[in-house]
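In what follows, one protein chain appears twice in different forms, each by itself as structure tokens: structure 1 and structure 2.
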Structure 1
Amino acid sequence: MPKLGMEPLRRRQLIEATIEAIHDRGMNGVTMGDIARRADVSPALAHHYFGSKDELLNATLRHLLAEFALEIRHRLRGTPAPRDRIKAVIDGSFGAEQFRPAVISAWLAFYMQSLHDAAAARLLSIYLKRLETNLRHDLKALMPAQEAATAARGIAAMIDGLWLRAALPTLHSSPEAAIALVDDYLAGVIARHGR
């Protein structure tokens, strides 16, 4: 069996399995056995590649951040118009990958973790601040700085709220509806404060 170069593949598999496992066991309820079963390997292998459960969970959180940042960056590249850039951030936030139930669960677990884990809190708040900064920067091209700052916070909060509600299966919300709501908010802000 031992083909060489398995490490990157296994790491990816195990991280993906961790996301799925968190989805239906919760951040702390998840066991190395759960994860390993989903990745079709032995629990020992997870320890072999990640050293400990904590490191595997951390790697998973960092993976979420990286994927999201990549998605946004990809959409922003080659998009110079402020209004389009704002739209790109909104669309990216509700992109297919971010809307997967298991991914939303993992993000929620990440928030939960941040409440009592300083390292996770630092990572998460960096991402949140960068998102807001991006929005504020482009909004400033459309309206006075004061209003831009307020609108950035409002849009960021609304995105998080819609995404939180999307996590609940019983509310069956669609990405399209979420995008429409934020777009509407943005249009209103521009109508009132835009120049």
Structure 2
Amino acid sequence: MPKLGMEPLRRRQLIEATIEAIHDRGMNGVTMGDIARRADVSPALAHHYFGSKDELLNATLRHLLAEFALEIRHRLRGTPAPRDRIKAVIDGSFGAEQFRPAVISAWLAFYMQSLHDAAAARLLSIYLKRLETNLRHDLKALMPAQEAATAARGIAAMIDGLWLRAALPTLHSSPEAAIALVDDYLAGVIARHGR
């Protein structure tokens, strides 16, 4: 029987092990037994906490989304100016934690998983909507609401596309170069609206 209070620690260990396993073996090569070994727990305990591999994968995606949201909230804290808040979202999207090799592998795997898994698709949809909403909120202080919605959609699309380019070494981009491109786009959008 697990010790009282160990469940949150064990869940976290299993989620971290899942991220590493996906990085090493890909989404399809990962088994509950492999994840359990990496977390130094029994496969039965992994099943006890998560039920199935799919539930563990979705918990891992929720963890990645929560970590990303925490990073953005941290960057937004004490940042009242709308332009600076937008910049904080852009910078957080390309932050160092998002560019650990294992995290990159996990995010890419989950994007692919969302094509076939309704729960993963729902979670990614929430992330994409939240990103656009956060951007639109501060853009509305700089331009009319309709233009803010269009600009938010454009910035969110650039973030995702450039993140992919920065994440894949074969495309030879960097997070800093991606940030500079999004910043240039943002400056152009704001300039068109006279602010």
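Throughout, rigid core stands for the largest set of C-alpha atoms superposing within 1.5 Å between the two forms. Just so you know, these numbers come straight off a predicted model, no measurement behind them. Residue indices: 1-based, along structure 1.
Looking at the condition given, the form predicted alone, one finds it describes the source of structure 2 alone. Core-superposed comparison between the two structures: the Cα of residue 183 travels less than 2 Å. Once the rigid core is overlaid between the two structures, residue 51 counts among the residues whose Cα shifts by 2 Å or more. Comparing between the two structures on a rigid core frame, one finds that residue 16 has its C-alpha moved by 2.7 Å.
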